[in-house]
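Provided below as structure tokens are two forms of one protein chain, presented individually as structure 1 and structure 2.
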Structure 1
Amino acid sequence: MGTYFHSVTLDEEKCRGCTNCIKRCPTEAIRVRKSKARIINERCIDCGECIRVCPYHAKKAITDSFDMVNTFKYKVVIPAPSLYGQFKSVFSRNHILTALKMLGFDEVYEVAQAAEIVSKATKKFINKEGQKFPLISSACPAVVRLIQVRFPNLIDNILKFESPMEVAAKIARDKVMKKENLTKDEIGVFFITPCAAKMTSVKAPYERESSSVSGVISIKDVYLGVLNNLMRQKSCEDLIGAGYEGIRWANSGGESLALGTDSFLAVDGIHEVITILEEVENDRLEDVMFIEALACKGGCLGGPLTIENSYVAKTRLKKHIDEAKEKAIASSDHDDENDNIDWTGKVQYKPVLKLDDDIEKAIKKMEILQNIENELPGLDCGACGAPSCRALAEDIVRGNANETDCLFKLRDRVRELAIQMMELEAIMPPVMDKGSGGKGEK
């Protein structure tokens, strides 16, 4: 506990203790205590649902501040393709990349370009013989973390290739080291992110020892600066590196389309992803080769740290895709293609929902849990601060809540006490009892 870093956090001042977020969280990681939402850290997969749903904007993502850029001698920026969907269609990709670079970077390398390398490796991999299907994309770190806590049986199905972000960071750094004759540590590589999940991937990676990315800045934080530069700048540099196959990754379905097979399923939105993963877990999607599962509705274009509405962004991205298509750039040439992009670390099951390490004790607790749940009203009203009556029952069994946290239970208790008080009140001590006593003294 405690030491586990994850990006999504609460802004105490803004939180009013409503129950919007607790019900949306896919891992039941949020409880309201003392009128403030609390995130149970080990359970959070950084999907960003709570950021999206909070009406008071009290959920935020920790990302790096732009100041960090200046602490490096040589500064490289690697933007996620979802960045391109944030600006009006009059601006070309070269315009956007130039405007981004002008914020204070020495070099730009598109993550979309690295996505193409991952696509090529995936294509090769799925056509290998004896493959176990379906393979599940690891592009969305929130989905990988979801699998770690809720679908341990599917860990083997995860496609264990580096993310385009990691591949891009490594390539970009290697290039600059050679070109500028600099050491590793003199080069800062900054990822422009649409989401909190990617930030967590950099600070607490599950698939490797440490990330090649030096810092993560949100699209939100660079948006105004880029827009300003776009308005001012007339000319632009030729910074484009990726073709349409890479850019398309920002869309749901984009990664799949590059694989050259129809046997894929693309699902977006964390709750829909859960439905599909349950199907996979029950062996009902064995006829599908590849599953692209993205936590955000609309894919990364719908990321919680983007600016533009995902539908609008999709239209805008389409223009960039079409432009690349016109120039007939499907994907760029890569000399790095043969580099190994396998994961070096091992993703493991995180049984955070387990009741007890000892199965006998766990069975006892489950029995008590069932009994408590049966006694609760079953309204799932959320007033106790837990997402459902069952979740409250779980919290009680774990020793983190009381039955009287339930308003209905509390009311019952109060009524009981009231009745007891009435009864007590009706019993008069003999010295004060005027009705029955003193008859004989008349």
Structure 2
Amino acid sequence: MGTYFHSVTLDEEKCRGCTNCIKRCPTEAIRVRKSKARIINERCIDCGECIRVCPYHAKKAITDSFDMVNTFKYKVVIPAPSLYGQFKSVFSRNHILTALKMLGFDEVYEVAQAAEIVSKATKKFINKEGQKFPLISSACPAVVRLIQVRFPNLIDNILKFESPMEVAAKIARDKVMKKENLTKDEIGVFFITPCAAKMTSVKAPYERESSSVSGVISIKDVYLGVLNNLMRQKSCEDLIGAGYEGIRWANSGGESLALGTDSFLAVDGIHEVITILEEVENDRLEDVMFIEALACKGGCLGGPLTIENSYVAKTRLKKHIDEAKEKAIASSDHDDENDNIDWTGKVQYKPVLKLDDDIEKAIKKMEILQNIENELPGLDCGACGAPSCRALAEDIVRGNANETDCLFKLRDRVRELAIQMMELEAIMPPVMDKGSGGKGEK
């Protein structure tokens, strides 16, 4: 198994050893050992669910420092459309983009524009004959990695198009290279992200050899700077290029609505996504052509690196969508740039349950695992530090846990030891038995 980069990490000093995270992790990637959480890299999909549920803020997402921007001669920023929902409705999209540019960027290119390109390509692809349905959107990297880990049979269902982030980065860099006569390495393209999974997909891309994005900066890290610029801004540039269909991608269902078909399903929230993927795996959604699956509740507006409540942000984003409709800002025609958004790499199954490289040993270990699981109470209480009894059984087989980590097993063991101690006391050697008092001896 390869080595993976992960944006989601643990701050051990803040961790109190509670079990909130282990119960909510969709891939059982977290254990609590010695009163501290541990993240199993091979299982983690960087969905950020643990960041949301940790009451002590012990889980965090690593993104690039803003200082990285200044290492490039020419700086381009590509903001996710979810950024627009973070600020009050009195600020127009041009105001927000100008304020973002004022942080030190030379150019702005909306990821929403690239979203429109992906929508157009998807619409054409769906109408081709011989497609395997339902197609599953590849826009959310956490969902793609979830399929790699838990649903390998659905890998062929993934739409093999690059994400709007990657498309935007490539187009923006190519335009600057032509306009400014600069080399590729002189141009830094920075994505403003609402989630940790995008950072992971840039540092460890699954669909291509390397990412077109130079760096990933969280919305949280630019929020105050943008807000400050908005407050002192006297005028703004005309920077918008995306229509309402691209902006709408920030919401759950936004990608699907652009396809011109009613045969779609939009699901948000990683646990709800798992439920739908199980339905697909069991051939219960044959009448659905397209599934838009997003790991975050509410779509990208609910990302763990956003600032505003997702419901408030949704209302604010609607204002930008309505304005784009009223001003007839149509989806830009990028047909000439539509040719190269196919994946160049191949998504592969990541077998996290592989117990041994030797198939015979793996089968024996699986039998042992099953026997251990059958002996456990089956309550999945999480008190052992694993999310389920089966997960504990697997940890025991791997040598990472003991059977007595289960409180019920520990209680039974203590009782056995107590009985043994009583039995030993009953057969105490005469030399140590104070109760005899030497009676009958002269």
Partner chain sequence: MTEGCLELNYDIPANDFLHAGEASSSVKKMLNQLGVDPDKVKKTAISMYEAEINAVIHADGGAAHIEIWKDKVVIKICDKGPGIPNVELAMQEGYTTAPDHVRDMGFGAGMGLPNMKRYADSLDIDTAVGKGTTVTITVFLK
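The term rigid core refers to the most C-alpha atoms you can superpose between the two forms while keeping them within 1.5 Å. All residue numbers here refer to structure 1's sequence, counted from 1. A quick note: this is a predicted structure, and the numbers were derived from the prediction, not measured.
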| property | result |
| --- | --- |
| Form predicted alone - structure 1 or 2 | 2 |
| Cα displacement of Val312 between structure 1 and structure 2 reaching 2 Å, rigid core superposed | no |
| Core-aligned C-alpha movement of Met366 between structure 1 and structure 2, 2 Å or more | yes |
| Core-aligned CA shift between structure 1 and structure 2 for Glu425 (Å) | 2.7 |
